[in-house]
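In structure tokens, one chain follows: the form predicted alone.
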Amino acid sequence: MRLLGIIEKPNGKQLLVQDKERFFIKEDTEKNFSNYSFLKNRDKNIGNPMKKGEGVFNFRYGPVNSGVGEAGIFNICTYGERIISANIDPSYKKRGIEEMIKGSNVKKALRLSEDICSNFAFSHSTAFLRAIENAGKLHTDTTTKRIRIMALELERIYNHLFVMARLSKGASQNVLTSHLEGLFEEALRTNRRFSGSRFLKNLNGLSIDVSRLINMDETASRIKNIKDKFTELYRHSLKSWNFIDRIYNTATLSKDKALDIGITGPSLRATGADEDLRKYEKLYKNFTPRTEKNGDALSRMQVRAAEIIDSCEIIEEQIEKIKQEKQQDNKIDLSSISGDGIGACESPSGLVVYFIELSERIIKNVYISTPSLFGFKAFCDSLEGHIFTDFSFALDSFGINFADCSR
């Protein structure tokens, strides 16, 4: 079992827990999860205590800097070049969106969920809607499910390309970086042609009308082009020993440590764990998670590279299935929907999970568990013992965002 969150209630605390494909609420009767204290203080400090000693000082990096695109503070404990401890203050990116969702109706809350982190906008909206559907015991038609799968894989492709471009740029691989950034832009343009939004916003809903997607054949053609170009590009990139040596054994995370932290997604699969929520979803035919074993920045990149190709093939398959199916007329009445529900989604960087309490279409309570929260803890742990020039490779390889973490 994995602890994903601690939910504050007027009469005490409850635990948000995962067991394979099952997500449930558990009474906080015993603190037997190794990441309990970390999750209890998730909005204050992430990471490890600062260390003291002769010549040791805190190198405070942030909240605004040229190396990280978001506001946040890295407190790095060092005596010169070697990093001996690190923690993060995520509060500078706090916008209170989780609190704004409380008291909102379903439609407004859906759009707020997309604003938490644009990179994972569709993952957040899908987890939110699945929580609503589970709370109201609502039926989702197959075509809507397939469109969601397509959008989730489109989101995965451009996020993974972005991570790889960042790693390449950090290693001064200028030609490789240029090609990866070109594919990243092509992926965003494909999103725009597919959904009307480069970041796949305003597409998701309890029912998605397939007639809105007028560029299905063009999407398939664009995706095939991305797959072919990336496959050739990645094959050449593995021959660059300067690049590979730079990320090999950098920011290594063991499988046991990853599980203790509660990290999910490619960063967990890079340690050898074959955990991926998609393997439990019926519409993902014969899905097998991609894994590596070394748990370092290179392994995380290799998992993402393999997933880019898989995602392209999944999208092509779903397009063919949608063409063959007739969409059901699925009118959903939200006028009196009430109940509690949990929704989860395998985002590009790990699990996004929503717990929602709903009464008469109004969100009374919400708890959002995001992959970047766990990713920042893993980043801090894996950074210890490395030098400052390893910082960007460690951070970029986890594919994490302050916006996703701080909500």
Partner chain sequence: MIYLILCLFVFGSISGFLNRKVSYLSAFFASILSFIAGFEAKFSGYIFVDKFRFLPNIYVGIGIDKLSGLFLMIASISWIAIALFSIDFGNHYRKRMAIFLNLSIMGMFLILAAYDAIIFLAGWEIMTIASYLLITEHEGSYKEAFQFLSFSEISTVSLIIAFLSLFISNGSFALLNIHSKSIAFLVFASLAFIVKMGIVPFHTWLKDAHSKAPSNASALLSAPITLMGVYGLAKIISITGYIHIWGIAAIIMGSLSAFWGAMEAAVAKGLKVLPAYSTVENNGMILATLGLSAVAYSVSANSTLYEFAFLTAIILSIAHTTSKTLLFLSIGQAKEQLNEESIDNVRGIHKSVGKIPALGIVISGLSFSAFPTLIGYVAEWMLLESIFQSYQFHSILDRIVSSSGGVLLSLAIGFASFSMVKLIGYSALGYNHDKVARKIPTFFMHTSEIFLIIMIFAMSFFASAIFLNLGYSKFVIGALGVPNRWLLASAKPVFGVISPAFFAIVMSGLFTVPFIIYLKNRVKTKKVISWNGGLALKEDEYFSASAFSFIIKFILRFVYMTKEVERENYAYVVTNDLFESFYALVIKLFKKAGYRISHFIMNGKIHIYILYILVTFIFIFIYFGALS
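Positions refer to the first chain, counted from 1. Because the structure is predicted, anything quoted here is derived from the model rather than measured.
Below, we turn to the form predicted together with its partner chain, even though it does not appear here.
Judged against its partner chain in the predicted bound form with a 4.5 angstroms heavy atom cut-off, the residues I261, D274 and R278 are out of contact without exception.
V56 belongs to the set of residues with a heavy atom inside 4.5 Å of its partner chain in the predicted bound form. Put simply, F287 is far from its partner chain in the predicted bound form: not one heavy atom of it is within 4.5 Å. When its partner chain is considered in the predicted bound form, I73 lines it closely, a heavy atom lying within 4.5 Å. In the predicted bound form, K51 approaches its partner chain with a heavy atom inside 4.5 Å. Figure note: of the listed segments 263-271, 206-214, 145-153, 79-87, the one touching its partner chain in the predicted bound form, with heavy atoms no more than 4.5 Å away, is 79-87.
With the partner omitted here, the residue from S359, S34, N365, N65 that has a non-hydrogen atom within 4.5 angstroms of its partner chain in the predicted bound form is N65. In this stretch, 148-164, not one residue has a heavy atom within 4.5 Å of its partner chain in the predicted bound form; the partner itself is omitted from this view.
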